[in-house]
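In structure tokens, the next block holds one chain alone, the form predicted on its own.
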């Protein structure tokens, strides 16, 4: 009987279960097993503790992943080849450079342009040892992640059918992130840590932490504890200094920088619980006239005392986070709120300033305060488009309203990060969350599929000079309709699509990517992350069989 191409593909695993795809690789078709005595040898003098721990985790995953090939027989047809395969005795890890060795954690939080994440990985087919080399411990960590994805399991053997393997890999973009909103609904620290684990498995390197908003203030800030005491949902729904330190350290050890955001001057109604004198249109109604979502309330940006309070509070938060980046937000400022606020109008009149001039002063004061703490400011796109204010040349701009605005932001000369709602918002498409609106949809409909995000072109309509301003991109999860119960399935595997886009570069083939993404989903589940299904398992076991044209 002659087997069709589709039937053959249903019996053979994809060449790699790798996600994201390395930027350069070759492989053969020789079966290879891990030796029962396989070991990872760390040939790094005075290896940092986080690198030692990363090696230990990698060894653990090799034993516990037990990912069977996603084919109809789950690898049974390869059993004989596997049993006769040569064994891989070891993986030796070493640095290409001499001198002082920095930890993964140090390299993960270095200025974004200075991070080195490249590595090379060689896995011979002849039974000699594999070799992983890099110029940094961060690069070694990325390579360890890749090595762990090469293998399937059958009947007690951990194997590949693709030796020899040669990989030379480095990211297309230095910023690859995920934004997590912990203000609309609170997430316990353990959920954040699990998310960081999953991010590291697909080489995401930035957690953009939108910590507080108008609805709640869960961050316990030294010197400003009254904000969380009066603004958190309850005494347990907070992030203490110890919590922040734990999250930051956990992230850094996994190659992830934590970028904090305290949005200003909008999205700050909750501050009124502790400092009502600093908030305009506090919980004014109808809320839709004063804010994009309830409750209404914005910092009185024209008031000097409010500006001094905000700058000092931001400085206090900055000391909690070692990242060189800090977001002050700046989105969705409602001018009617200030027009209707008697105190703000009096301040504007006394200073003889317009709203925009007052916003400019407010922003410059805040950013100057952050600069004294060694921080580079990050803002949402309105701060250069709708309400253009004075920003330092190194300010990063998050483009979120629409991908159509990227060119306009790039034209300002600022470095930018893609966060477009029409591609990367994971909360879209779940219906309206505001009450008494039975026919409503989410404002950013439709649902953003992994395939849609995967097709994004980061440099569309940009000149060569403007394209150089693109640092990368991120998926975002605003939490109005998300909670810890739905967290994993909402993020994964869609955020993995963005991870590959900005690691491997655009132009990937959706059809070829799908089998690998299925494998990422199944691997996530073996590691305790409840990633959502992409298709019926029947389809996952038969690559291509459920394509529209199959």
Partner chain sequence: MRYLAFLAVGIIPAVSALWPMPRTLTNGSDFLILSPSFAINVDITKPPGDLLAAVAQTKTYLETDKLERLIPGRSASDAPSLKKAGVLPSLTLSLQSKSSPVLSIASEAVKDLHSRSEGYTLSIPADGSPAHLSANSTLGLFRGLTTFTQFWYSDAEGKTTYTNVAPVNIANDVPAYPYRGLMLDTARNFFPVADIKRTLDAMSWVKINTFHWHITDAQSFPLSLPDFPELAAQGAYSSNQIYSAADVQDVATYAAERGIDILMEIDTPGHTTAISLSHPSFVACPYAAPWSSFANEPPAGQLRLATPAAVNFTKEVIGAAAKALPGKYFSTGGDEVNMKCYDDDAQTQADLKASGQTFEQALSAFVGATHSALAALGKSAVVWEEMVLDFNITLAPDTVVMVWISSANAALVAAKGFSFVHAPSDYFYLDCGAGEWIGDDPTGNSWCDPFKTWQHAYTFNPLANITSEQAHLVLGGQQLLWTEQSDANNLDSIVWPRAAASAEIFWTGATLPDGSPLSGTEAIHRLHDLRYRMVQRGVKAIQLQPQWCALRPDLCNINS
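Positions refer to the first chain, counted from 1. Bear in mind that the values here come from a model prediction, so they are computed numbers and not experimental data.
Beyond the structure shown, there is the form predicted together with its partner chain, which is absent from this document and is the topic of what follows.
In the model of the complex, its partner chain lies farther than 4.5 Å from every heavy atom of residue 66. In the model of the complex, at least one heavy atom of residue 482 sits within 4.5 Å of a heavy atom of its partner chain.
Shown alone here, residue 23 lies farther than 4.5 Å from its partner chain in the model of the complex, counting heavy atoms only. Contact check for residue 114: no non-hydrogen atom falls within 4.5 Å of its partner chain in the model of the complex. Highlighted residues 431, 452 and 532: every one comes within 4.5 Å of its partner chain in the model of the complex, counting any heavy atom. Heavy atoms within 4.5 Å of its partner chain in the model of the complex are found in one stretch of 465-473, 436-444, 342-350, 220-228, which is 436-444. With the partner omitted here, the residue from 295, 174, 188, 129 that has a non-hydrogen atom within 4.5 angstroms of its partner chain in the model of the complex is 295. With the partner omitted here, the residue from 275, 309, 355, 287 that has a non-hydrogen atom within 4.5 angstroms of its partner chain in the model of the complex is 287. Of the residues in 493-520, those that come within 4.5 Å of its partner chain in the model of the complex through at least one heavy atom are, in sequence order, 510, 511, 514.
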